[in-house]
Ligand code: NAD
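The form predicted on its own is given below as one chain in structure tokens.
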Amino acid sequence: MSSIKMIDGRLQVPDQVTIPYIEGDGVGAEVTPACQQVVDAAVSKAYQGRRRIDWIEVYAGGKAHQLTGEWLPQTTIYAFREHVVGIKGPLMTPVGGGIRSLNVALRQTLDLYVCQRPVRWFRGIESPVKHPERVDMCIFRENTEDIYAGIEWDAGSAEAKKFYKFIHEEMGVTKVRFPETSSFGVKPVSKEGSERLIRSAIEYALSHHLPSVTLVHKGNIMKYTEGGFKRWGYELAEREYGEALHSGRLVIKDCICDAFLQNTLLKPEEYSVIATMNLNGDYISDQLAAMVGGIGIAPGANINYQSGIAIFEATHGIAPDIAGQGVVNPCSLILSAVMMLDYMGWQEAGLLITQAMERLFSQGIATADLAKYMPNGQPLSTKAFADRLAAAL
């Protein structure tokens, strides 16, 4: 097996490379093979046999629990560390067992501090907005801090009472209106965590010749957490990217999150790269996805740019109501694989996929979720769409 390596801050990718994958739960059994079929065809066409992906299955979620008794086996974590780059289908959330979310567990265990979500419109896709072609952004969402750190206590619990007692008696907090029935959560936002996220966004903007990085925050209300994120971002840019700022190659700006959500509808063309915290990023990425056609064509990745470890993923859920019916849209995972190919430096194969996908959409060829809104739409099954996409490369 040939693994990707991170050497001196750069990925070293062999021509025959091993990529671990998690099939996923629910519709994962349908979207994952469709994705692999299209990617294999694109790599073969782009490189005429000189490059190849060897897929190895690793386990998480329901399939892992059925096979091993564990929801997230250590062998899966080891495989992603060993091979650096991997891809995953959607995962169910275990009931009990002390794991809130397998996706969050993967991100935190591997310290995948960037959730990267590029959002663009494809010709042929129906959109609820008038000019979806103006939406072309890449979101850098901090993955390990903010309220998603999961530090909270239930109302009435001994922990909640102890927490309130401390902040009231030791810290002088008097603004909790109903302390006996309040749940509490802690929102950690660190300078180090903010800087590494914002640095990644800036590096991406510079390497892709994009016009700006916007820090999205609620610092007018949360002055030390979200306000700190904004302040640290400006300080980092001035300290480490002063030449790019002063030459005009880099523009750093900021926007309060509620105003930003409005602006994405009114003037989306003013934004290119977005750096934000976890909860804001959740809202932003879902709204932008809806503006260009829905989460079925929304790709995503979780990346540590320092270690190089990256897991590309379907951004939708397991959709148990349609699982096994052959109607699920595989494009979220396929476009996430395009991100993976780009990350590996195999942009030629990724470009073949996006160009072919746009040609099919322009002809009204898609799975039913998209085709039903297209003039002369031709709804295809998951497998039939993957076949047409592979043939159209």
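Everything numeric in this text was worked out from a predicted model, so none of it was measured. Note that residue numbering follows the sequence shown and begins at 1.
Heads up, the form predicted in complex with nicotinamide-adenine-dinucleotide (NAD) isn't pictured, but that's what we're talking about next.
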Does every residue of 200, 205 and 347 put a non-hydrogen atom within 4.5 angstroms of nicotinamide-adenine-dinucleotide (NAD) in the predicted bound form? no
nicotinamide-adenine-dinucleotide (NAD): the contacting residue among 320, 185, 211, 156 in the predicted bound form [heavy atom, 4.5 Å]: 320
Have a look at 280, 116, 103, 264 for me and say which one sits with a heavy atom within 4.5 Å of nicotinamide-adenine-dinucleotide (NAD) in the predicted bound form. 103
Spot the stretch among 325 to 333, 357 to 365, 32 to 40, 64 to 72 with residues whose non-hydrogen atoms come within 4.5 Å of nicotinamide-adenine-dinucleotide (NAD) in the predicted bound form. 325 to 333
With the cut-off set at 4.5 Å between non-hydrogen atoms, does residue 88 touch nicotinamide-adenine-dinucleotide (NAD) in the predicted bound form? yes
Using a 4.5 angstroms cut-off on non-hydrogen atoms, would residue 146 count as touching nicotinamide-adenine-dinucleotide (NAD) in the predicted bound form? no
Closest heavy atom of residue 315 to nicotinamide-adenine-dinucleotide (NAD) in the predicted bound form, within 4.5 Å or not? yes
Heavy atoms within 4.5 Å of nicotinamide-adenine-dinucleotide (NAD) in the predicted bound form: does residue 244 have any? no
What are the residues of 339 to 354, in order along the chain, with a heavy atom within 4.5 Å of nicotinamide-adenine-dinucleotide (NAD) in the predicted bound form? none
